[in-house]
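Before any questions on how it binds or moves, here is one chain, the form predicted alone, in structure tokens.
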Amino acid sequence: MTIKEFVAAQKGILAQEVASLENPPTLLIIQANENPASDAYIRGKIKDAGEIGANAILRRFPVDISEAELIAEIEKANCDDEIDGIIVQLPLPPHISEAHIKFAVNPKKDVDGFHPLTSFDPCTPKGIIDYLSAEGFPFQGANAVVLGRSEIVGKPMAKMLLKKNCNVTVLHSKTTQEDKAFYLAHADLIVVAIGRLGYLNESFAYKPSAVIVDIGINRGEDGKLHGDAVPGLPVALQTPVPGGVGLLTRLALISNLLLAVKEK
């Protein structure tokens, strides 16, 4: 099943769940940037919510809003019983601490899964694991390689793969090329999230049965979006860019929104 087919099927299931609720769930999106990519992500999230019958509210603030003012707005939303889930769209202005904002969101409404006390899984790793599970990927005992150790993707991805009983190796900028080549050649699952266009290419060896999940989004010289892996590598499954992990991330977000309603 392609990612687009999987997402469409899951949205149908979520729409049925929303239809059975007394009140549709409400997602609040807080934005304090002027970023075309963020605008595109937000339009996608609002579209997703509408497709399953949920409400999505965008509250946009000027980029010069102070950290204290933004936290005060988040706290208002925390106390608003009409709001079931809250996300703060990244990136934030440089004068605002991302960590402080993450901690400000009520863990019970943190559908992004960033707060350390939240019960929700982070959306990108959750979306990936849900899709691979549907595809029948055998997590237990599999050799999984995560390229990248960011707080938003790399580290939570590795943590969730450990929970699925994978043997997890995290590679990063200080890993030698020799070691990277070794671990990639023995990997059953490769998740790449380093922001380097076409980093994974045919100079590396791969298992024919391997799965490559490409989280990278890079603007090429042709003006188009490309992943961290060149297309068409000799593996069993490789997720596309665009039309791949971004759709799974957005699906996981609205799935977490439904969970937030159930856990009230």
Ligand code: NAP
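Bear in mind that the values here come from a model prediction, so they are computed numbers and not experimental data. Sequential numbering from 1, following the sequence displayed.
As for the form predicted together with the ligand, it is not shown, yet the points below apply to it.
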item: Touches the ligand in the predicted complex: residue 199 (any heavy atom, 4.5 Å); value: yes
item: Contact test in the predicted complex: residue 217 vs the ligand, heavy atoms, 4.5 Å; value: yes
item: The ligand contact in the predicted complex: residue 249, any heavy atom under 4.5 Å; value: yes
item: 4.5 angstroms heavy atom contact with the ligand in the predicted complex for residue 159; value: no
item: Single option in 126, 102, 149, 108 placed near the ligand in the predicted complex, where near means a heavy atom within 4.5 Å; value: 149
item: Of 96, 168, 132, 194, the one that lies within 4.5 Å of the ligand in the predicted complex (heavy atoms); value: 194
item: The ligand in the predicted complex: contacting segment from 159-167, 81-89, 67-75, 141-149, heavy atom within 4.5 Å; value: 141-149
